[in-house]
Ligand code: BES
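What follows is one chain in structure tokens, specifically the form predicted alone.
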Amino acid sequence: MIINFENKITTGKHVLVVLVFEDEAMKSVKGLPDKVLEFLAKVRANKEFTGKKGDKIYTYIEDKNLPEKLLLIGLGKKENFKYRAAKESGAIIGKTLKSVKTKEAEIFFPVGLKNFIDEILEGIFLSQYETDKLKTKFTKKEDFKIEKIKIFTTVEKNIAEKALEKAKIMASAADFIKDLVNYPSNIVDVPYLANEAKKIAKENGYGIEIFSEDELKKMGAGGILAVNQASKKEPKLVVLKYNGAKNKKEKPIAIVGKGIVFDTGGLRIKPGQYMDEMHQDMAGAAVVLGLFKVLKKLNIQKNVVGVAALAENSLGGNAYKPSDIITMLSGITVEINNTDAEGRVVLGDAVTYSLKYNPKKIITIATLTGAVYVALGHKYSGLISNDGKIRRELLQAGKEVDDLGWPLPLHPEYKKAMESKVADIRNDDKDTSRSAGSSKGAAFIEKFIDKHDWCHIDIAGTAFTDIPKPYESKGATASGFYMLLKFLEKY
């Protein structure tokens, strides 16, 4: 899709899109041709179009000096128009243009949208995401694609162009994350993710370390190795390093993601009806990679270390077993009660490695527990923390960018429940495992945090959806990406 800016509305067989606030004075659309203003005044007077959020009118314009068609889009009340409304409005534009099969459109941005141009454009880009990229010419329907959009606005050109560039960067990263999570594990496997990390590092000049199976053995990363030991492909630990702070010696923020490319549950095998979704169990690692696609491009002024633990929890004669006791990278011994509680095990090693950088804050992100979906559904990620401040900041950041979180407790009894009689800790509370599962999973991870400020984001309920937001498609959502990016920008 090509997007450029025009200083006047052009003629042609394309669609003119006009964005209108509810009950806003006609002066807000100053700059539109008289023919369009007359039509807008008429439909408003007749209450056929009031500008309420989601209102649409699609019609022809009988004027040879104007585009052939007109699409009015209501934005709702100006005081309520914020981030979410802007992205949703952009998605409405994109989906409507696609449905009416127009290859070219021209969009009029009123001055009141000056601060939301990037979100609207991002919504347009996101609305074009396709989930059927792996279909061939034999089955794939020819989707109608918007080829060109012209933007006519009285907003300063440099501001509008900067907004467009940000929208492209954000949508590209979100689509990248969604592709990683949507694609099956025979495509997106451990080598694939490691190779994508290499590409990101090379493109942006980041530092990178990728540890092989032999290197993980020498390090003593017993958690990652145990989870992966039935897989035919070796595990990896990927570390990306970005120095964006003015003070290059400033302590970094460590963001640690779970990258289980397929989770059978191991010998605690998952129910059959859920098995085909288990390629998404690397969504935490995908978010880490997606963040590093944008940190330099958006000039995020923080030092950030990203750590992704990549493995496959497979079945086989050499799979790790319930009752096994493994030694983690930290030296902590773990009793394996549940082979399907593998995410916390690989995160334990990944967190331990992140301590090498003496981070001022650690954030872990993972599709950790089905329990978080039971507790919060598909709208909220669960946030569990040893530090109230970092959790409040993440919750506020998520609220601002429609990537919502909800606090869950880390009670001392939940921590005690992870103690083992035969090892230092156990990976599942088999006695009362049906209660507070998300909190207990996080309590396991906290054992490796070593008194650092830390928050865990459980995206098991939000990383994938069958009930998408207006700017989403069914499937992967890039949950956690927007929350973390806003957190890094703001705090």
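Numbers follow the displayed sequence, beginning with 1. None of the values given here were measured: they were computed from a predicted structure.
Absent from the display: the form predicted in complex with the ligand. The rest refers to it.
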In the predicted bound form, which of the listed residues (S381, N228, T367, T364) lies with a heavy atom within 4.5 Å of the ligand?
T367
Considering A371, L113, I200, A105, which brings a non-hydrogen atom within 4.5 Å of the ligand in the predicted bound form?
A371
Just to confirm, K258 within 4.5 Å of the ligand in the predicted bound form by heavy atoms?
yes
Give a yes or no for D403: in the predicted bound form, does one of its heavy atoms lie within 4.5 Å of a heavy atom belonging to the ligand?
no
Heavy atom to heavy atom, is T333 within 4.5 Å of the ligand in the predicted bound form?
no
With a cut-off of 4.5 Å between heavy atoms, is L355 one of the residues that contacts the ligand in the predicted bound form?
no
Among 276-284, 129-137, 293-301, 86-94, mark the stretch whose residues have heavy atoms within 4.5 Å of the ligand in the predicted bound form.
276-284
Applying a 4.5 angstroms cut-off on non-hydrogen atoms, the residues of 253-277 near the ligand in the predicted bound form are K258, D263, K270
